[in-house]
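One chain follows as structure tokens, the form predicted on its own.
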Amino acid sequence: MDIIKTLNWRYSTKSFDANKKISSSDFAKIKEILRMSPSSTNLQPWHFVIAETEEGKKRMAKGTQGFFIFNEAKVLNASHVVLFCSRITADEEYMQKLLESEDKDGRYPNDEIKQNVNGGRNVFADIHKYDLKDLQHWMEKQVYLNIGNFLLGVATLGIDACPMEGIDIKVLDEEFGLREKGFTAITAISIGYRTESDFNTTDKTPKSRLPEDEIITVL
């Protein structure tokens, strides 16, 4: 895989071919890309609602009405739409759940290391909860790490994507009962395959990035 070629191939797709669907084998890989994203202290403070049926996409499109109507077609015509959600808080119950899941997966050779990891993770969470007072924002940052990982990951599969912050968070939280489950929506990403008429393809709208010498300092 040529990572630079992949980076130049992908772009924010504006027009999806409603007749092209992601295969079941690629969909399985997509779910693993979501699961395997890195996060600070392995906190994994996320949940994903994935619309793959027409009914599911119609429900997701409820978040693109009114001011956000410009994103409706991107939801309805995509093969799948992933709603990225962040935890609202990380309480002791969740921290213990994480710890036991890691233990089950064989991450800890002994109990001392297990408890040290647990203590360290809680220290970082407490810094953000009590000192910086930005615990939810910190968790949202981890979700954005996942989003970046996801955009590159699906591109390696030859799948197009369009991240959309232009969605009605409150509507989608209510539609999927997210707040009652301890989550809130952050961003939706439509995935599928571009149409030939998409105005944003890189041959029609070339990529533009600031020059290397302006954004990178090598010491």
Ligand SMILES: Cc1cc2nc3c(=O)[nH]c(=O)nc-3n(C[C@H](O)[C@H](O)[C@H](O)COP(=O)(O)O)c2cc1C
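When you see a residue number, it is the position in the sequence shown, counting from 1. Just so we're clear, the structure is a prediction, and the values are computed from it rather than from any experiment.
The form predicted together with the named molecule exists for this protein as well; it is not shown, and the discussion that follows is about that form.
The candidate stretches are 49 to 57, 173 to 181, 29 to 37, 159 to 167, and the one lying within 4.5 Å of the named molecule in the predicted bound form by heavy atoms is 159 to 167. Only one of Q142, N71, Q136, N118 lies close to the named molecule in the predicted bound form, with a heavy atom inside 4.5 Å, and it is N71. Looking at S12, you'd find a heavy atom of it within 4.5 angstroms of the named molecule in the predicted bound form. In the predicted bound form, K207 approaches the named molecule with a heavy atom inside 4.5 Å.
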